[in-house]
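In structure tokens, one chain follows: the form predicted alone.
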């Protein structure tokens, strides 16, 4: 997948590290003006065109961030919502605060980012939004209720946004990563039976790299994906394509 983003303004949440940082770097290489936002760690984003401290679950902060981008660049051509967190537990043993926090960041934060950029995109008559879901928004997994539910919600939010704003020229798609080596998956780094079992559930028998997800995001932001909207692209090494039986 290739794509050019020459002179486009791309807003990326969760840009400090992992998939967000890899997407910011890829967007710069594709010629974009990149705005990176994260809840902290602005110094790690100092090389971007604009770095913002942002709690994606705060509606007023999101509105202010988008206003600052529009004041600085005059437009927003693309959005990638990489901000997220992983919280675990079943319905009966998870902390209720974890449930609310996962909803606030993973799902409401994604909605607030889209809600904030859409008026400018609609006024311009074009724009592209890429959300980040997960294989576990597609299939679920035991002991992972807050994450599963919020990422499943991102999938449905993406379809709803695509349905509501396609006629205005806005494309909205999602990426569902499998096991990607990022700071969010540090618990699976190093040799362990759990890591090996998880990797073996991917048909390619390896973990993915953040750069591989980023390349897909750049494609979806670019005109190369001009007739794609409402789609979910699994970047998962085949995890979702087949049920692997481990013996």
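Note that the structure is predicted; figures quoted are calculated from it, not measured. Residue numbers count along the first chain shown, from 1.
Omitted from view is the form predicted in complex with a small molecule, to which the following refers.
A heavy atom within 4.5 Å of the small molecule in the predicted complex is found for one listed residue only; from 27, 54, 221, 35, this is 54.
Using a 4.5 angstroms heavy atom cutoff to the small molecule in the predicted complex, all of 17, 132 and 178 count as contacting. With the small molecule omitted here, the record of contacts in the predicted complex names 83-91 of 83-91, 138-146, 158-166, 118-126, defined by a heavy atom within 4.5 Å. The small molecule in the predicted complex is approached by residue 105, whose closest heavy atom lies within 4.5 angstroms of it. By the criterion of a heavy atom within 4.5 Å, residue 183 is counted among the residues contacting the small molecule in the predicted complex.
In the predicted complex, the small molecule sits within 4.5 Å of a heavy atom belonging to residue 39.
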